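This document starts with one chain, in the form predicted on its own, laid out as structure tokens.
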């Protein structure tokens, strides 16, 4: 089987994963009744506000009830409650698949647009700034320290790193974020020292000018990035250390050293290249999942990115945004998986589709 044919089959398989996730979203929102309950609650809230407004201008009770009933029917039709979820939600899924993401019911961009495409276009760069920076720092730190520890198994530094990895992996993102705010803002502020702001993207009011605005943005992004690195660096370092250590114990590495090859050559060509596929898997899939947005981290630091958008969509029961974001996150994951299939062929000479 040729490489192109195999990759095509893998691509179709990943597309099947995409459709399976969307079907699960439809079932979760519709069959459980979540969609109807949330939309009904929204309609009731709007009708309640209308009733209060009409009561101040109209004294006839029957006229008020008739106006409210007509408005309720219009709202139910606009939200799709006059149709069963088996009809309403699949139509929404089909629009999303065609990248017709539609309009959000409650959420808007800074310019006032309710287009979901505009919402994603506004929030995605903000999330990329956080997660890409944090992922890059974590990857470099983990690769450098993990490779070093793999050559010093059982040493004091290895035991300290193992303890740090366990602690880092066990830290909840929301708790680490709150702790960092307490340490760098609340406590230090009592001594007149302000290291980092507690949240947001810019100061109030934001500075004028390109450079000053950029520096203010980076200052506000520093604490969320530090938090994300803190909760992921330890575990990633230990993963790299374990992968490299296991590969270093293989027979072909022993033979390479027995031939008298320099240790640097053995490490680059015989250990790191063989350990590259699982390391790449962790890096790319971790980056793909983080692009979806660190929901808890962005919520704690009030960072208006993709994760915070998902959180706001769930709170406001905006099912259109929830479905669209789920589709986009899954599409990012599917794309990352396909990139990995190609990279496996490049980095590992043992992987050949023939």
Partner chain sequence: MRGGLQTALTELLSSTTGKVGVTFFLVMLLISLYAIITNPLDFGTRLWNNPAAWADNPKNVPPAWTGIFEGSRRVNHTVFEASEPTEVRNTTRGIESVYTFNVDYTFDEAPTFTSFSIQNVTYHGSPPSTSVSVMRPDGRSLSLYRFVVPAPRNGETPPILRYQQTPFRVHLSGEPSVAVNVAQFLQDEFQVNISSSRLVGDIDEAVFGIPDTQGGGFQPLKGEYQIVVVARSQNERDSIEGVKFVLGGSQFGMMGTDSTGRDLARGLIFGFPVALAIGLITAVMATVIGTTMGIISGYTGGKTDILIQRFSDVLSNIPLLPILLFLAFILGQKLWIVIAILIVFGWPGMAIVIRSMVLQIRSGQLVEASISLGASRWRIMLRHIFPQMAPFVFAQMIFFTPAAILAEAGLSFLGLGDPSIPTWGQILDQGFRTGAVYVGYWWWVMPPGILIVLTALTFVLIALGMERVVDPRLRTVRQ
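Nothing here was measured: the structure is a model prediction, and the numbers come from that model. Only the largest set of C-alpha atoms that superpose within 1.5 Å between the two forms is called the rigid core. Numbering follows the first chain given and starts at 1.
What comes next is about the form predicted in complex with its partner chain, which is not displayed.
Though the partner is left out of this view, residue 66 does not reach within 4.5 Å of its partner chain in the model of the complex, counting heavy atoms only. In the model of the complex, its partner chain lies farther than 4.5 Å from every heavy atom of residue 11. At a distance threshold of 4.5 angstroms between non-hydrogen atoms, residue 238 is in contact with its partner chain in the model of the complex.
Its partner chain is not shown here, but in the model of the complex it comes within 4.5 Å of a heavy atom of residue 20. The listed set 97, 179, 222, 195 contains one residue whose heavy atoms approach its partner chain in the model of the complex to within 4.5 Å, identified as 179.
Taking a 4.5 Å heavy atom cutoff to its partner chain in the model of the complex, the contact residue among 287, 317, 43, 54 is 317. The chain is drawn here without its partner chain; in the model of the complex, the stretch among 140-148, 123-131, 205-213, 242-250 whose residues come within 4.5 Å of it by any heavy atom is 242-250. Contacts between 169-185 and its partner chain, taken as any heavy atom within 4.5 Å in the model of the complex, involve 169, 170, 171, 172, 174, 175, 178, 179, 181, 182, 185. Put the two forms on the same core and the Cα of residue 311 is off by less than 2 Å between this form and the one not shown. Relative to the superposed core, residue 302 shifts its CA atom by less than 2 Å between this form and the one not shown.
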